[in-house]
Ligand SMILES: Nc1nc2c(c(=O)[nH]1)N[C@H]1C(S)=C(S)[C@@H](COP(=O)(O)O)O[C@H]1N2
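In the block that follows, a single chain appears as C-alpha cells, in the form predicted on its own.
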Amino acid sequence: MSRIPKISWQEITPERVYLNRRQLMVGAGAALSAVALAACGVEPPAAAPAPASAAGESASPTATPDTRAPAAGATTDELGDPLNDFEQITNYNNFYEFSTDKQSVAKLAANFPLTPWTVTVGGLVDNPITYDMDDIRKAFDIEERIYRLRCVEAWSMVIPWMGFPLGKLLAAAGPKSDAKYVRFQTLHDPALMPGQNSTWYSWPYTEGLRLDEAMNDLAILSTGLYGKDLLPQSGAPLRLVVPWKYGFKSIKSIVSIELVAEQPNSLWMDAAPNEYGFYANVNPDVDHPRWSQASERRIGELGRRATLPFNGYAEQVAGLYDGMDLRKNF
C-alpha cells in the first residue's frame, strides 16, 4: 500500500464514510497488499523468558511473510469477525502512564504533545540512527493491517492498524551477530503522563521481544488506525503491535528501540513476576493466576467467545516456539 500522507486526524473523513470508501475501493479492484492485526493496551499479562535455540539463536534479519492477510479495504479480519468502530477503539484504553481507568485515558491524554518526537534505534547494530516521525513515514511504506487485539484482562477487539513491519526497521539498523533481543522503551515524562507519578510501577515502561519474534512479519510498528494518525490514548505517535501476544506487550509512545544480547526485563515482569513473564503469548490453556484465559469478551458484543491459541495466528508464529514448554515460558 502506498504511504499514508501526514494529515491531522481532525481533517480526516468520518469513519463511516471512510468505511464506505474502503468498500468501494475493493469493488473497484483497488486492492493494495495488506495484513491482519490487533493488540491490547498497557496492562498486566502472562508471559516468561526462554533461552537460545527454541528461544532463538541468532535471528536472521529476514521477515517471515504472512499468508493469511485480509484483502485491502476488508471490513472483517481473516476469520470473518467485524472491525470494532473508531469510538470503541479510542475510548477504551489501557495506558497506565495516564490512568488505570480505561475510560479516563482519552480525556487525560487529549493534550499530549506529539511533536517534536524522536525514536532512537541503537544497541548491537551496525547502523544506529535517530528518526523523527517524518523520517519514519518517508523511510517505510505504511500498510493497513487488520489484527485481533487480545488483552490479558480477557477482552478483545478487531482493529485496522496502519503501520509497517518492525523487521524492516531492524534490518535497516543491521543487527550484530550477538543481538538476540529487542528492548523497547516508552517516553518517561510524569508532567505529561500523570500516571507515571505512581510509585507502584518501575517507570519508564519497557518491553522486549526475541529478535526472531521481532522479525516476524506480523509484528508491526503502528502509526495510525482507520487511516488516521494515532491518537495519544492509542499510543501515538508510534507503538508496537504484536497480535499473537497479550496486548500489554504492544508498548506505546516509543522513544527507544535497542538491540541487546540478554533478555530484557519489562515493567510488568518487575511489578508481578509470578503473574507476568517475558513471552505473554495468548494461550487459552494457561490461566492468569486470578482469572481464566479460556474465553474473552469482544468489545461491542454480548456474551463470550473462545480464545484461540496465539490469538488465532498459530499458523504464522507457532514455529517460533517449537520445543518450548509454553506453560513454563508463559
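Note that residue numbering begins at 1 and tracks the sequence as displayed. All figures in this text were calculated on a predicted structure; none of them were measured in a lab.
Heads up, the form predicted in complex with this ligand isn't pictured, but that's what we're talking about next.
*Asks:* Could you tell me which stretch in 140 to 148, 208 to 216, 231 to 239, 172 to 180 has residues with non-hydrogen atoms within 4.5 Å of this ligand in the predicted complex?
*Replies:* Contact-bearing stretch, as computed: 231 to 239.
*Asks:* My question is simply whether residue 220 lines the interface with this ligand in the predicted complex - judged by any non-hydrogen atom within 4.5 Å.
*Replies:* So residue 220 does not count as contacting this ligand.
*Asks:* May I ask you to state whether residue 166 is within 4.5 Å of this ligand in the predicted complex, using heavy atom distances?
*Replies:* No, residue 166 sits far enough from this ligand in the predicted complex that none of its heavy atoms falls within 4.5 Å.
*Asks:* Counting only non-hydrogen atoms and a 4.5 angstroms cut-off, does residue 84 reach this ligand in the predicted complex?
*Replies:* Answer no; every heavy atom of residue 84 is more than 4.5 Å from this ligand in the predicted complex.
*Asks:* With a cut-off of 4.5 Å between heavy atoms, is residue 244 one of the residues that contacts this ligand in the predicted complex?
*Replies:* Although this ligand is absent here, residue 244 would stay clear of it in the predicted complex, with no heavy atoms inside 4.5 Å.
*Asks:* Scan 235 to 269 and note down the residues that get a heavy atom within 4.5 Å of this ligand in the predicted complex; none is a fine answer too.
*Replies:* Heavy-atom contacts within 4.5 Å come from 239, 247, 248, 250, 251, 252.
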